[in-house]
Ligand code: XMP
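Have a look below at one chain only, the form predicted on its own, in structure tokens format.
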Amino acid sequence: MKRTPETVILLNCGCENIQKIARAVRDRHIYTMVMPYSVPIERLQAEQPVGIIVCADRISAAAAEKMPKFTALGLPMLAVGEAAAEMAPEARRAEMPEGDVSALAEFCFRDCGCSGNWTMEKFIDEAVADIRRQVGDGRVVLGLSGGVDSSVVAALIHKAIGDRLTCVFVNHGLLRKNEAESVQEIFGRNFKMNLKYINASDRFLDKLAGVADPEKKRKIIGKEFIDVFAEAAAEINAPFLGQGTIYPDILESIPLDGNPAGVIKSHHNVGGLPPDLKFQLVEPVERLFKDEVRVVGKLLGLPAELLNRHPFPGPSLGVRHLGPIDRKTLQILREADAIVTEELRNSGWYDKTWQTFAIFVPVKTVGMKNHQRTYDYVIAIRSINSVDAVTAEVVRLPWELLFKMSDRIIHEVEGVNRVVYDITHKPPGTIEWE
């Protein structure tokens, strides 16, 4: 990761809202970086932070034991919450009534000397300079998904090195209905970049056959992506791999206490990368949250049809198809998801929700269809609103819209006889089911 001037470290000692706090402080144009209490002191010092904010909802003996080492750094320190104050008695105390971060901002400005000039305009200039410095005269191959993150990364890298960027759009057989054609059309209409399309559907699906564990799925998809990119890069002699990794991807892949069991989920572009990676990674938005990436995209002139697309996970339908992926059941999910999206657009609710999609549930239930008994699968619908995927609230879609989605799915998609609606916020649930 690139070091950002005037960095304030949020030290996570067990704080459920740590990412939300980070976002709120960033809104004051102060760059914050979240680190677990288990981070090596040398790693924290490498960021050359100007201050530390200790965040804790509960007291941790392990975190408390580590605290003197952070205190010894001699940096301004602020404790958020009673547990943090007990853990770091030398630190100033701050309260956050109803999420108000005024005290945190005051600490950053007054005690840490922050100037509050961390803006997305400045970020673009720094990112372009960083890319040019890292890549030099080399070439970059970028995995393009058609989503916001990879599209913004494509625009940033192209701004930096021009035609020495080649975007590779891989059809891994896990795309949504008609997505391969749609992405190529939108990309060709809006960008003048090198685009290479690779249909590797059978290659991915064959390796995923029979795999039920979601972590294994993500890692198989991640490794196969790298292999496909390696082949594409060899053709154009590109030693660099561009990725649309964003900050929540990294945070969810880092355990709080250093124990791998504490990982929420590995991301295909973080935990799924092989140890013998032959590329040097170019990840210009790895320190940004989703809403910050959208702002960068708008400043770079990306069209609304790309910026306003609902987020789509890197492993695609692979993490919305629970259980082993079968081509037939994958098609069931693809058709059901297309109906959900179509009705969402027809009703005017697409732009009112952050993400709405279908999930294939590998459970069969008894039902009636065309006056006959059926024993078919379940489709779940999930609709949430969020700012940056850190937290999410369930959208109360109109019953009429849900009924229409359900009726169409049951009557138009062979193999489904029941539709349910997920009403779980994040936390405790994650946005995706896997």
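We number the residues from 1 along the sequence you see. The model shown is predicted, which means the values in this text are computed figures rather than measured ones.
This protein has a second form, the form predicted in complex with the ligand, left out of what is shown; the following refers to that one.
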Counting only non-hydrogen atoms, the one stretch of 311-319, 227-235, 292-300, 167-175 within 4.5 angstroms of the ligand in the predicted complex is 311-319
Quick one: from Phe204, Phe240, Trp354, Phe123, grab the residue that has a heavy atom within 4.5 Å of the ligand in the predicted complex.
Trp354
If we test each of His158, Arg287, Arg334, Arg218 for a heavy atom within 4.5 Å of the ligand in the predicted complex, the one that passes is Arg218
Are any of the heavy atoms in Lys426 no more than 4.5 Å from a heavy atom of the ligand in the predicted complex?
yes
Residue contact check: Ala389 to the ligand in the predicted complex, 4.5 Å heavy atom
yes
Look up in the predicted complex whether Glu432 has a non-hydrogen atom within 4.5 angstroms of the ligand, and give yes or no.
yes
Going through 121-141 from first to last, which residues have a non-hydrogen atom within 4.5 Å of the ligand in the predicted complex?
none
